[in-house]
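There is one chain below, alone, in structure tokens, taken in the form predicted on its own.
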Amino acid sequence: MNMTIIISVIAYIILAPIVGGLLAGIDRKISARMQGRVGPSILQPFYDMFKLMEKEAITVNKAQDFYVGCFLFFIIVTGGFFFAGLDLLLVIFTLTLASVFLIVAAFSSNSPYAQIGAERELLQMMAYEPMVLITAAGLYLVTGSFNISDIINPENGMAIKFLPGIFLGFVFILTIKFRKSPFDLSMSHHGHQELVKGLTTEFAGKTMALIEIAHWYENIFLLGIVFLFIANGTVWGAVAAVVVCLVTYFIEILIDNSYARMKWQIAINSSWIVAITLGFINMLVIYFSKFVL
């Protein structure tokens, strides 16, 4: 078992940025086709990352690079905890810590664009955190454990059978976590932001490359949570979970290209409404069902 955990963590550290970069390339290609363009190569994100690594290191201050390094480190630690099958709450708290370091890095630049982007990032955290915590609580109610290794268990079956509302709620807030329209408030990969690049405005060269790599790691981890809803400890369950992850990512791309960016008030209000109507009510149904039985 220990060797399996070690292999899983090493596989995540090595393969996650590769798969994440490929997904980013597929994202660009699909988005281009939706807009009537040919689009760049699927490998373009890797070309961009290597180009950033070769640029001269220019930063506002040394603390900025330290905070970005901590952001990348804790994102990797988050995924390592997840794929090691550890406590889901610990995973979520570590992810939040990583996001805090990115926000502090933006504030440290003293750029008005970056600071407004950092403030919006804080607002986005307020929007999606309740649904993330409800997701962890829902999985606990169904499986009786926060440990990821216990959640993926043939005896528990597919969690989505009991948590359809929470699953839809989590997919909803993924639009925020993936930084897709209509909720790409703090930063965006597109050119329609009035904040230029938002909280990453003052990042360049290797620093920006580290942020891109961290986002590739983060995206794979987030899809890993989607995986938890479908996986049931069997081979066919794992295959079905991977397919659902890919379909979910495609839906996020479709949403990204179908909606204009909305205001932060809508992001918070809609996320909390979804958390209450889909997430909390789903938990109440499960709780009272167990109580009655």
Partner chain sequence: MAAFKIGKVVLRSLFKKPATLMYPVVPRKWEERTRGHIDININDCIFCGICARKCPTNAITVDRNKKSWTIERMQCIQCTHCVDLCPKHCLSNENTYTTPEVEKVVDLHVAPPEEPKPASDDTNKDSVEKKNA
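Positions refer to the first chain, counted from 1. Since the structure is predicted, the reported quantities are computational estimates derived from the model, not experimental observations.
FYI, the form predicted together with its partner chain isn't displayed, but the following is about it.
- Contact check for 34, 38 and 250: all three have a heavy atom within 4.5 Å of its partner chain in the predicted bound form.
- Though the partner is left out of this view, residue 239 does not reach within 4.5 Å of its partner chain in the predicted bound form, counting heavy atoms only.
- When its partner chain is considered in the predicted bound form, residue 255 lines it closely, a heavy atom lying within 4.5 Å.
- Contact annotation: residue 30 falls within 4.5 Å of its partner chain in the predicted bound form, judged by heavy atom distances.
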